[in-house]
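Here's a solo chain for you in C-alpha cells, the form predicted on its own.
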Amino acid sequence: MAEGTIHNKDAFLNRIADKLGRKQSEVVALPAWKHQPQWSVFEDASSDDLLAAFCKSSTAKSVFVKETELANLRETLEEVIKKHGGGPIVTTKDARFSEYGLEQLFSDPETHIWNAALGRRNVELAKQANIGVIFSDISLAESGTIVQFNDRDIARSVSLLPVVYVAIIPKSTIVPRMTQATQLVHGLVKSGKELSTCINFISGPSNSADIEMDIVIGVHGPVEAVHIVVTDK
C-alpha cells in the first residue's frame, strides 16, 4: 500500500450517511466566518511588543528569562548553566549551535550531543543529564510557549528528561499566538515540504495540580526552565 493512500473512504462515509438518513455531501467548503478573533490578538504589535509579551508570559509560567545579544550569548549561556548546577548536559544535534557560536562550549566530555546512531543510549544519557539545551523554532508571545520541530536529531527527550531545560529563543521566531504557529505549519504542508514527525509545544516546566489547586512543579518533567532570548536574531 502506498504511503498516504486511503481505501474504501467513500464506502465508509456513505454507510455513515445512510445511517444518518441523508446523502453524503459531494462538496465540502469552509464557511465564510463573520468573526475571526484569533487574528486580532497582538494584531498591531511590533516585534518589541511581542518580545515583551513573550517574556511576561514566560515569567508567569515560572520560567527564568534572560535577554542577550548574539555577541554575548555564549557568556550568558555559561552563566545560566553554572547557576542551575552545571552538567551533565545534553543537546540536540542542531546546526544552529555552530551558527550561534556555541559549538566550542559543548565540546567537553560532560556534554552529550544527540547521536541518532546510538539509539536508546541517547535516552539514557538524557535521563542522567542535569541540563538540556535546545532551540525554539516558533515562540508564542501570548502564552510564553516554545515550539520544537522534532526529528531524528532534534529529539524531544532533550527538553523532557533533564532536570532543567534551556531554550534559546531567536527574537525573529516570536509570533503572536497559536494561530500564527499553525499557519506556518499549514504553509509547510501546502508547499510540499516534509513535516516533522512530532511538533512539541512546551509551556514552561512540568506542572500538575490537585483538586485543591496546589501547583506542584516538576512532577512529569523538568523542574526548571530557562528562556534565553537572543534579541538581535
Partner chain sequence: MPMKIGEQPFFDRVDEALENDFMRTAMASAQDRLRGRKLDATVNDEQIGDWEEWRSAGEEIRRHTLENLDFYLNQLSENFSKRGGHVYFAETAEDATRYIQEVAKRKNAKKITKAKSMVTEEIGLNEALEEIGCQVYETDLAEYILQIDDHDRPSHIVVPSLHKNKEQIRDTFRDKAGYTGTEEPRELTAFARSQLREVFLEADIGVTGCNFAVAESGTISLVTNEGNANMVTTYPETQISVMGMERLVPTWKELDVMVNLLSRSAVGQKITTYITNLTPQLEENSVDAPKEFHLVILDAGRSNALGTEFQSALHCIRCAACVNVCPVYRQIGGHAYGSIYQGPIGAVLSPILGGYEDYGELPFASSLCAACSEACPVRIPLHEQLIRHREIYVAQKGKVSEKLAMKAFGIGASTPSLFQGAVKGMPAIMKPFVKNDSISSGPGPMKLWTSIRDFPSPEQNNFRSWFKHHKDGGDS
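As the structure is a computational prediction, the values presented were derived from the model and not from experiment. Residue numbers count along the first chain shown, from 1. Here the rigid core means the biggest group of C-alpha atoms that line up within 1.5 Å when the two forms are laid on top of each other.
Beyond the structure shown, there is the form predicted in complex with the partner chain, which is absent from this document and is the topic of what follows.
This chain appears without its partner; in the model of the complex, the one residue of T111, T76, S157, N130 with a heavy atom within 4.5 Å of the partner chain is S157. When contacts are judged by a 4.5 Å heavy atom cut-off, G101 does not count as touching the partner chain in the model of the complex.
In the model of the complex, K171 stays away from the partner chain, with no heavy atom inside 4.5 Å. Although the partner is absent here, T59 lies well away from the partner chain in the model of the complex, with no heavy atom inside 4.5 Å. When contacts are judged by a 4.5 Å heavy atom cut-off, L105 does not count as touching the partner chain in the model of the complex. The partner is not shown here, but in the model of the complex the stretch 34-53 reaches within 4.5 angstroms of the partner chain through a heavy atom at K34, H35, Q36, P37, Q38, V41, F42. In the core-superposed comparison between the shown form and the other one, the C-alpha atom of D10 has shifted by at least 2 angstroms.
Once the rigid core is used as the reference frame, the Cα position of F201 differs between the shown form and the other one by less than 2 Å. Comparing the forms between the shown form and the other one, the C-alpha position of V216 differs by less than 2 angstroms, with the core used for superposition.
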